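Below you'll find only one chain, the form predicted alone, shown as structure tokens.
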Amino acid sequence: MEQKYIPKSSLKAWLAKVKDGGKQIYAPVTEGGKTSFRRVKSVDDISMEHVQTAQSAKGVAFPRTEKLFSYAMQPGGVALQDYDSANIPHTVVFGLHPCDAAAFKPLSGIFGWDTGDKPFGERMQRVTLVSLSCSKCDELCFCTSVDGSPGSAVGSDILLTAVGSEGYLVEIVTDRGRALTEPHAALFEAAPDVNKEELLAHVPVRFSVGAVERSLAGAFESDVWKQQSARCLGCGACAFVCPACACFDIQENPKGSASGDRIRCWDSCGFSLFTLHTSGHNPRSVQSQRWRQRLLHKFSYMPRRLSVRGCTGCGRCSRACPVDMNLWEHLSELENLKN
């Protein structure tokens, strides 16, 4: 891993040169008191003072809605227009925190398992992740409880860490990161002699993730799911802000009777219709079963099948929940569960 330093005065110049070179920049922007990822028109719009964005950055590779293919009836058959990757832009995602960068690993595991997902794979080939270490946190952050860190470089192509108020330590992690910095080498300086850990937020370990996973192995029929989900509304807010959730639905968008599109859109295992069968039977007919599915999927099924957890400790689900369900508190309860 190569280390450099960039003064704050040169950071915007670097990003402007990247943007002028033909790459779009997707970064945190604050509007109406809320900070979310947007395609930026000017690097002056980028926010770097937030604890966490409202939404994650996963939409750059897994959009909320996307067209998979189009169809049109023709004499003698149906004409299909397959997914077109030619117009996918090269994108630099700037300013995401390590928990967001790390989430692209479970997403890649889901969409790359068995038969690879073409839209996701094509988008990821055109994405460079420039992350920003966390110098502050809040009571809902728990990355250190799921083997993360406020300064982890996992998943990032470049990781920036603020050194005082004048500049950033730059850790160049991958070839994509080098390709983004080498053409503008004059803007970077030699890395300072600093202790990176002293520059990071202190995120306390809230629970033992190993103990949680051991407890879950025998908890399928536990009453804990009813207790924890008693106030869950099934609104899906937690899934829609999560950087690692990948549930989707596929719908038809007909344009009359002769043509249309097939659309993929975000979904949630917390919705009552998610597993409803055509027969009317629903194997997860009550909210406690859907809550159980959410936690088992992230902390049991994914680790066993994909060797990666479906949670990076960003805390967004707890921030977005309208009834104040705190995920790390629920996981702490599962850690001490007696099966």
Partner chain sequence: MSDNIYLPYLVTIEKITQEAPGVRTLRLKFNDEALARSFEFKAGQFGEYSAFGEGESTFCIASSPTRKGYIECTFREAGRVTSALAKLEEGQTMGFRGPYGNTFPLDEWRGKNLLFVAGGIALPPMRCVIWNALDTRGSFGDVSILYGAKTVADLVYKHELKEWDERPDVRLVTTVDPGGETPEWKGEVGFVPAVLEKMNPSAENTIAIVCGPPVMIKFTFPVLDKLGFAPENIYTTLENRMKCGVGKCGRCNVGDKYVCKDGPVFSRAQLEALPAEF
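For clarity, a rigid core is taken as the largest C-alpha set superposing within 1.5 Å between two forms. Residue numbers count along the first chain shown, from 1. Keep in mind that this is a model prediction, so the values were computed, not measured.
There is another form of the same protein, the form predicted together with its partner chain; it is not shown, and what comes next is about it.
- request: Tell me, please, which stretch of 163-171, 94-102, 111-119, 187-195 lies within 4.5 angstroms of its partner chain in the model of the complex when heavy atoms are compared?
  value: Of the options, only 111-119 has residues within 4.5 Å of the partner.
field: 4.5 Å heavy atom contact with its partner chain in the model of the complex for all of 14, 17 and 204
entry: No: none of 14, 17 and 204 comes within 4.5 Å of its partner chain in the model of the complex.
Contacting member of 182, 175, 147, 252, with respect to its partner chain in the model of the complex [4.5 Å, heavy atom]: Comparing distances to its partner chain in the model of the complex, the residue within 4.5 Å is 252.
task: Flag residue 284 as yes or no: does it have a non-hydrogen atom within 4.5 angstroms of any non-hydrogen atom of its partner chain in the model of the complex?
output: Contact with its partner chain, yes.
task: Please check if residue 267 has a heavy atom lying within 4.5 Å of any heavy atom of its partner chain in the model of the complex.
output: Yes, residue 267 is a contact residue.
query: Taking the shortest heavy atom distance, is residue 138 within 4.5 Å of its partner chain in the model of the complex?
result: Contact check for residue 138: no, nothing within 4.5 Å of its partner chain in the model of the complex.
- prompt: Could you tell me if residue 299 has a non-hydrogen atom within 4.5 Å of its partner chain in the model of the complex?
  reply: Because no heavy atom of residue 299 falls inside 4.5 Å of its partner chain in the model of the complex, the answer is no.
- prompt: Which residues, if any, of 55-82 lie within 4.5 Å of its partner chain in the model of the complex when only heavy atoms count?
  reply: Sequence-ordered list: 68, 69, 71, 73, 76, 77, 78, 80, 82.
- request: Inspect the rigid-core superposition and answer whether the C-alpha of residue 250 shifts by 2 angstroms or more between this form and the one not shown.
  value: No, shifts by less than 2 Å.
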